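Take a look at this single chain, the form predicted on its own, given in structure tokens.
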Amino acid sequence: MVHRQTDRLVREERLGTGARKRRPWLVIVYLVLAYLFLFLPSLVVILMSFNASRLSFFPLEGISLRWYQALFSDRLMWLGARNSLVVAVTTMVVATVLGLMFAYAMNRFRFPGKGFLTSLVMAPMLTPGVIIGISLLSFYYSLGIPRGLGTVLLAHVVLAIPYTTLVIASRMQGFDLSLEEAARNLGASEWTVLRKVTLPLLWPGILAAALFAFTISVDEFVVTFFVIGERAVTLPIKIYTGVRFGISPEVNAISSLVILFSTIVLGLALSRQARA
């Protein structure tokens, strides 16, 4: 009986392998369609940013950099880009430090309410952005906090903390505690162990978490829309304002630059995470 079952499983495995070998084109077609679905809109935006005409879509009337030149002379667009960069860098620093603290506490200590704290930290990752935006708007309004870049910064930190915590915590899963014990046995203080042993070993995860937080802040629109107020502006809000009355070629140009920048930053984050 055992031999019959084994032979049947071997035959089924061979048949499955043979089918996969005979139909590799199905996998290729599926992958091509999936990548087209994901990346074709972005490629169209990039292509249209070089279109010489303001109105035509396809075929292109010519290749031109006129919309990039117009973009670099748009003061409000670059004000939004500067504000987004300031908020993103600050969010990156704050969310990475807090994520490191949360990850360290969750991996090294046992305390009452640990599970609840973990769920609380991870909640923004699972909550829709509209709900977070409305909740933060109600919170700011109830406390009389004026909306602006400060409220945007706090909102982005809330959104980025779950990601920084998870990335650093995953790095700490493979951490060899015997290295810290060896440093203590050799007379190193707790601060020296943290500075000379712990942080250097966690550095790939910390850097990946920082890049994730930066990318999340730069690309965030939904929550920012609720909490930014009327006088401040970030790059996603400026782009949204530009497309409300029609797609401007300048919006295609700035969107292309944002896509390129976000792809580079996210690629660096993923590469560092893979090494972590």
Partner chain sequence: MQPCVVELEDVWKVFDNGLVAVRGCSLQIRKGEFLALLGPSGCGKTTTLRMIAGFEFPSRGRIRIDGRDVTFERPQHRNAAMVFQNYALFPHMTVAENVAFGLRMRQVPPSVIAEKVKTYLSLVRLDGYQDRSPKKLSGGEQQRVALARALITEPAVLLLDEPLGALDRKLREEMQLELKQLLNRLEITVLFVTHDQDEALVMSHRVAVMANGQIQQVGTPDEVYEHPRTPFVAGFVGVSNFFQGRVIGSDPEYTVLETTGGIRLAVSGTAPVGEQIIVSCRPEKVCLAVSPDSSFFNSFPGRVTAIKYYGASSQYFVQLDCGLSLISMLPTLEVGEHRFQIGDRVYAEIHPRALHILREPGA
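Numbering follows the first chain given and starts at 1. Note that the structure is predicted; figures quoted are calculated from it, not measured.
The form predicted in complex with the partner chain exists for this protein as well; it is not shown, and the discussion that follows is about that form.
For residue 187, a non-hydrogen atom is located within 4.5 Å of the partner chain in the predicted complex, even though that partner is not displayed.
Using a 4.5 angstroms threshold between heavy atoms, residue 150 stays clear of the partner chain in the predicted complex.
Remark: residue 192 counts among the residues lining the partner chain in the predicted complex, judged by a heavy atom distance of 4.5 Å or less. A residue is said to contact a partner when one of its heavy atoms sits within 4.5 Å of a partner heavy atom; residue 119 fails this definition for the partner chain in the predicted complex, lying far away.
Highlighted residues 229, 231 and 241: none comes within 4.5 Å of the partner chain in the predicted complex, counting any heavy atom. Checked against the partner chain in the predicted complex, the candidates 125, 201, 145, 134 yield a single residue with a heavy atom inside 4.5 Å, and that residue is 201.
When you look in the predicted complex, the only residue of 71, 183, 157, 169 with a non-hydrogen atom within 4.5 Å of the partner chain is 183. Checking 157-165, 173-181, 86-94, 71-79 against the partner chain in the predicted complex, the stretch whose residues place heavy atoms within 4.5 Å of it is 173-181.
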